[in-house]
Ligand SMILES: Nc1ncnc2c1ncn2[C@@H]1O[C@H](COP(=O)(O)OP(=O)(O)OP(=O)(O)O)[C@@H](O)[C@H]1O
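Just the one chain here, laid out as structure tokens, in the form predicted on its own.
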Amino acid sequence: MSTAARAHLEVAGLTKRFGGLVAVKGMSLAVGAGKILGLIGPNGSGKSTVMKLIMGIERPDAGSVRINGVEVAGWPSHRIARMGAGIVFQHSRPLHRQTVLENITLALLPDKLTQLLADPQTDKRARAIAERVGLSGVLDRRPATLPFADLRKIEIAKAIARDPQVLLIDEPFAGLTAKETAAFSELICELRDDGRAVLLVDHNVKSVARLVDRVIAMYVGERIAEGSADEVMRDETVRRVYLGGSLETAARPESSFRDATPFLAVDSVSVHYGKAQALDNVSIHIHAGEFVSVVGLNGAGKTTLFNTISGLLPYSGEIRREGSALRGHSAAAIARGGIVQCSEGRDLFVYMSVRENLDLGGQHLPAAERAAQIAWLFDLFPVLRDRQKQAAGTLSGGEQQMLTIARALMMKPKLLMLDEPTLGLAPVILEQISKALERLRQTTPITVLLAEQNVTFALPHADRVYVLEHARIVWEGEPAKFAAEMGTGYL
């Protein structure tokens, strides 16, 4: 009997379209009893859609999903769950008015109106599951009083209440500390050792490498590599997707920046989203005129770091500009003072013209200075001059990104923070933005902090590099050292 024939979960030719977008194209995988398969890929690669198709949350346009040999593609979620599949979502969804024990008990109750009364063994089973996942000590507490790791355990407990043979787990370690990650990994291994087939979804190989038997890498809806964790990390296509190609650098030594006090210093900063830790004791510094890149995979905490510097999030630790604390300053005051962020989402006024968006960015400038700044920006991004009367929402993605950067530059920032400026852009647009950044570097005194997943774009524009991974800075150094010291470890 083949491995696929013995698999608890078999997926073949799975395809899903959303309008003209093919989110998943011809996806196939198989997970056998007592095995863990890792499914990795950048944001937008289709990983979560695959999970939703397997569980019946989304209906496939084509393809097969078999659980224990039974075809379930297109079935509603509750029927697929009855067939032996469970899912643990990244974001916890407990019933907040119920205790931990009641949350687990509800997951055990029959789902037929004729069987609403729990059998006498339900309470005993709920307590046994709680003990299995490490919740015995908090059975009478409500979710709002629990740490983030325990909320994740509740989701695991609910998922295994029906004793599924197929378990799907989305971003298992997001928001967990190193100690919590180790405990969660042990729990996942125990569930595997019960003979379950486990599918782990994550952004990168490193997160799941110690657990998985093999890995499938996805990109824009398709499988691009499959093998052991080591094989996938070394795969050239995977490296090109995550790293973007060959690494080139042109750094200026830190000693060339003469300011005794860095322009910006982030010191031991931590941030939580509810109970999830988004930044953990992060420290970075940037000299006046320096270009610094913070690289990391999606979900590492880059946007959180930028939003914190911009005054949009509460934090512990200290953030100082030229030695003076920024705590207590509003986001508007920080921006007016010269620390300006270009958000990943662009946040343009889509019904207003290119010129109107730029005028809004420079509204604090005297008329003559504003006109001079716009003329300079039209020289930096000539396409905006040609499109200045066009509504921002009708621009291409690349043109919108140029407008976003230009609008930020209209504020004449001292520090420009660029959050994932290359996201979803074609190579020709990347080249134009790259040339604009190099011109800023060569001809202006501006300081730039760049957050990027694509290190091939980030490193040529960096004097120094920080690597952010799971909310912590794990590496700092010159760009030239990145390839030698980080290598496949970045994946």
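Remember, predicted model here, so these are calculated numbers, not experimental data. Residue numbers here begin at 1 and follow the sequence given.
The form predicted in complex with the named molecule exists for this protein as well; it is not shown, and the discussion that follows is about that form.
_When the contact criterion is heavy atoms within 4.5 Å, does Gly46 count as touching the named molecule in the model of the complex?_
Yes, Gly46 sits close enough to the named molecule in the model of the complex that at least one of its heavy atoms falls within 4.5 Å.
*Can any non-hydrogen atom of His203 be found within 4.5 angstroms of the named molecule in the model of the complex?*
His203: yes, in contact with the named molecule in the model of the complex.
*Answer for Gln90 alone: is it within 4.5 Å of the named molecule in the model of the complex, judged on heavy atom distances?*
Looking in the model of the complex, residue contacts with the named molecule include Gln90, since a heavy atom lies within 4.5 Å.
*Indicate whether Glu102 is a 4.5 Å heavy atom neighbour of the named molecule in the model of the complex.*
No - in the model of the complex, heavy atoms of Glu102 and the named molecule never come within 4.5 Å of each other.
*When the named molecule is placed as it is in the model of the complex, which of 222 to 230, 372 to 380, 326 to 334, 393 to 401 ends up with heavy atoms within 4.5 Å of it?*
Heavy atoms within 4.5 Å of the named molecule in the model of the complex occur in 393 to 401.
*Within 4.5 Å of the named molecule in the model of the complex: all of Glu10, Glu155 and Leu191, by heavy atom?*
Not a single residue of the candidate spot has a heavy atom within 4.5 Å of the named molecule in the model of the complex.
_Proximity to the named molecule in the model of the complex, single hit among Asp359, Glu180, Asp150, Glu171 (heavy atom within 4.5 Å)_ = Spelling it out, the residue with a heavy atom inside the cut-off is Glu171.
*Using a 4.5 Å cut on heavy atoms, which of Pro460, Gly32, Pro42, Gly63 is close to the named molecule in the model of the complex?*
Of Pro460, Gly32, Pro42, Gly63, the residue with a heavy atom within 4.5 Å of the named molecule in the model of the complex is Pro42.
*Any residue of 18 to 38 with a heavy atom within 4.5 Å of the named molecule in the model of the complex counts; write them all down in order.*
In sequence order, Phe18, Leu21, Ala23 come within 4.5 Å of the partner.
*Kindly indicate if, in the model of the complex, the C-alpha atoms of Gln401 and Ala217 are closer or farther apart than in the structure shown, bearing in mind the change is 3 Å or more.*
Gln401 and Ala217 sit closer together in the model of the complex.
*Taking the shown form as the reference, report whether the CA atoms of Gly393 and Gly19 lie closer or farther apart in the model of the complex; the distance changes by 3 angstroms or more.*
Result: closer.
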